[in-house]
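Just one chain is shown here, as structure tokens, and it is the form predicted alone.
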Amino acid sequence: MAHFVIIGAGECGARAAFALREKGFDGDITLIGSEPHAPYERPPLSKVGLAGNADPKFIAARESYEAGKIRLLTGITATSLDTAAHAVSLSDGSQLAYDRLLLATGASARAFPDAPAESPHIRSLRTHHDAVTLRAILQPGKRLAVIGGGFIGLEVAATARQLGADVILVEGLERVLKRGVPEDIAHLIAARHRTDGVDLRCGVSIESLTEQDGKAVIRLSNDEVIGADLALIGIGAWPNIELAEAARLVIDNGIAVDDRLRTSAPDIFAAGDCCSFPLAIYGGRRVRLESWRNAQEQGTLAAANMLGADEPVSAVPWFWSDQYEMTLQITGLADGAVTHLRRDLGEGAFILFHLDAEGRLLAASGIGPGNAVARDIRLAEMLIAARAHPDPAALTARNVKLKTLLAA
């Protein structure tokens, strides 16, 4: 009987395991995770996962794995991979043979250079354990220093302020969300944080990050010293490629896969945050996406292709972030855009459409309260997938429904 092994029990790995069963695979499935928990959702960690004392939001109950005859191994890591022998060695001393293997190893938070390791006062946010540690200082009278003005840092800052903690956020670039978010939207988000009391510092570099007397101590390039009960490092993530690299798989901004999610080794696939892949709708440009929906979609696609479906990656990238009452949604990749058109939706919500020199829609970025932009962003996603060249005047006109552009 065939044995499929999945390394990485996160969103991608768990979705792949269940998708294999849904698609009719009746062989053995082993899902391996290094954390003690069953697979859980990571997006809540910077939001409701910080605000309460709840358990992780599990993707499925353990009983579901048992019912699906999915062998779930938690608290165990894969230590080596022998591509010739089709075998994986595990941290408990055992070895598993596989017929097909999926690497869904995800990514890890980037460490701050020269910062103390394993400090209780200097943390990142990647796991449920990290969220539990952060909860203790998210209360009135405590001070949180956030290093990095990306999605994670800003989401945690918003949650911390809502729980009453004082927050200072330091970003080395001239504005927050510099990578991938339009300036108009970034300025709106920054203003909202300042309105809620976040001490936002942009264009300031950090000379050192240390701990002293039970506090995190941050020294800025202007010699200002900031003390905090905890410093949260949110300066991005690295793909977890160590296992693949040691097995001599091709690496290119992550584990390199083709448009079917196949690696350079026979019978080994990779999906989710850990891999880079060519995206046909952007001319075969190789990208690596760290997003919840991409992990879901690629987990399902990898399962299909492990079973021989031979389906290409075709999904349009999509990201979202909740901060206070606002939701930011972005679909597509705006690199190469030369025209940026605004469509106002009312109640402070708007969408920016990003088109290339030929008028093709490459991406759309929207922000507004709740789900105000969700429907139009979804329609924009469909236009991007269709490689549409919509009428610019129609894109900006509130009385023209985007659905009519799609039909055209």
Ligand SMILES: Cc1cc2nc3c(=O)[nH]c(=O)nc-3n(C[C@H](O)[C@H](O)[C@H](O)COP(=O)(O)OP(=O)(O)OC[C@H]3O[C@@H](n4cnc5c(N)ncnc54)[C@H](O)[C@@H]3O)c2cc1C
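For every residue, the number given is its place in the sequence shown, counted from 1. Predicted model, so just to flag it, every value in this text is computed and none were measured.
The following text describes the form predicted together with this ligand, which does not appear among the structures shown.
- Three-residue candidate spot T159, P317 and S365; no residue lies within 4.5 angstroms of this ligand in the model of the complex by any non-hydrogen atom.
- Contact with this ligand in the model of the complex, defined as any heavy atom within 4.5 Å, is confined among 345-353, 27-35, 64-72, 378-386 to 27-35.
- Between the options L101, V146, A295, L261, the residue in contact with this ligand in the model of the complex by a heavy atom within 4.5 angstroms is A295.
- The contact with this ligand in the model of the complex, taken as any heavy atom within 4.5 Å, belongs to L125 out of V198, L177, L125, A165.
- Contact annotation: P390 falls outside 4.5 Å of this ligand in the model of the complex, judged by heavy atom distances.
- Although the partner is absent here, S291 sits close enough that one of its heavy atoms falls within 4.5 Å of this ligand in the model of the complex.
- Proximity of L230 to this ligand in the model of the complex: non-hydrogen atoms within 4.5 Å are absent; the residue sits far from the partner.
- For the chain shown alone, S321 is a contact residue for this ligand in the model of the complex, at least one non-hydrogen atom being within 4.5 angstroms.
- Residues of 1-28 placing a heavy atom within 4.5 Å of this ligand in the model of the complex, in sequence order: I7, G8, A9, G10, E11, C12, G13.
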